[in-house]
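Take a look at this one chain, the form predicted alone, written out in structure tokens.
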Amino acid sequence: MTAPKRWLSLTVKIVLLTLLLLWTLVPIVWMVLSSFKPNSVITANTPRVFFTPTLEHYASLFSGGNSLWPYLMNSLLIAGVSTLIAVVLGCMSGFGLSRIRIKGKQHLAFWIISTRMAPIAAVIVPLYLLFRYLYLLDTHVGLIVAYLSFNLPFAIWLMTAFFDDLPPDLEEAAMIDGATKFQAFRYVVLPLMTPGLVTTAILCFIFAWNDYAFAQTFSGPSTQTIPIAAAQLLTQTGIDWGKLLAIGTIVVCPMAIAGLLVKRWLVQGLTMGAVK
């Protein structure tokens, strides 16, 4: 490729990347900035970039009788527990599915991930009837089980792909040296699966953290999560844009910060074998 063509190719890539970043980041940056604007600035006809920041929206969210703290604690508890269970069970199931030699193993793996492909609307009614019969409505356990119904198949499929890329010779070498099957899994395989575990945990947590449909259907006054708190700001009398933007920032920023902190493992995990 000649020098002019290389410069043209580089320029096109930079322009496309810049447009992609603007398309992705501008709405998020504008939301975060607007959460610090007074209501008069937010609802002004002319958008204002320069303003005097205020914390009134965040202060009102975490004070008074309708504080955001219970919603935040419910989201952390439900999303965290469901993610932990999905990663633990998905790791063990994925290892077994990757190493077992049975006829039709690929069909079994596809059947597992096919349960994740089902639209949420198709499973809400059966789950609702089941939860009502088992008295799981308006309980943390009910929401955890609901999230596991989607996160666990995804975790199994993802971890199976990671384990398929890991040579079994490493475990066999450890077992030759005297390690048991579990010791080889615990001390040899799992440390090498850190990127896969982090990737699976982040993706499962994001689904549970952002979910609205399951939370709206199965939660009650004592188990409502942050997306439900955001929906309650949309009333017939109007929209409290300041609080809504503040909640949006609270929902997005922890996930963005967590992604930046583990980006090395996340990128490595996404390219490790999740996509074949």
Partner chain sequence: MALLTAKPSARRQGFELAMMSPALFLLALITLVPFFSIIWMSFNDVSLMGGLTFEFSGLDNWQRVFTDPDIRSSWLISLFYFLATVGLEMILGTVMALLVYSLTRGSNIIISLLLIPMFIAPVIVGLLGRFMLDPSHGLYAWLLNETGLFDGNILGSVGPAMVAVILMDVWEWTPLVALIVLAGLASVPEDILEAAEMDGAQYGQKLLYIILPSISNILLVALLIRAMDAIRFFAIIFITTNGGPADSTKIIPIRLYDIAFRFFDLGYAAAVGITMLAFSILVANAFMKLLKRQEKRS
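Numbering follows the first chain given and starts at 1. Take the two forms, superpose them, and find the largest set of C-alpha atoms that agree within 1.5 Å; that set is the rigid core. What you see is a predicted model, and the numbers here were worked out from it, not measured in a lab.
What comes next is about the form predicted in complex with its partner chain, which is not displayed.
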| item | value |
| --- | --- |
| In the predicted bound form, the residue from Phe185, Tyr71, Phe162, Phe205 that sits within 4.5 Å of its partner chain by heavy atoms | Phe185 |
| Ala174, Leu97, Leu136, Val198 - the one with a heavy atom within 4.5 Å of its partner chain in the predicted bound form | Leu97 |
| Contact test in the predicted bound form: Gly64 vs its partner chain, heavy atoms, 4.5 Å | no |
| 4.5 Å heavy atom contact, Ile85 to its partner chain in the predicted bound form | yes |
| Ala59 within 4.5 Å of its partner chain in the predicted bound form, heavy atoms | no |
| Heavy atom of Leu170 within 4.5 Å of its partner chain in the predicted bound form | no |
| Partner contacts for 69-105, taking its partner chain in the predicted bound form and a 4.5 Å heavy atom cut-off | Ile85, Leu89, Met92, Ser93, Phe95, Gly96, Leu97, Arg99, Ile100, Arg101, Ile102, Lys103, Gly104 |
| Core-aligned CA displacement of Ala59 at least 2 Å between the shown form and the other one | no |
| Did Val252 shift 2 Å or more between the shown form and the other one, C-alpha, core superposed | no |
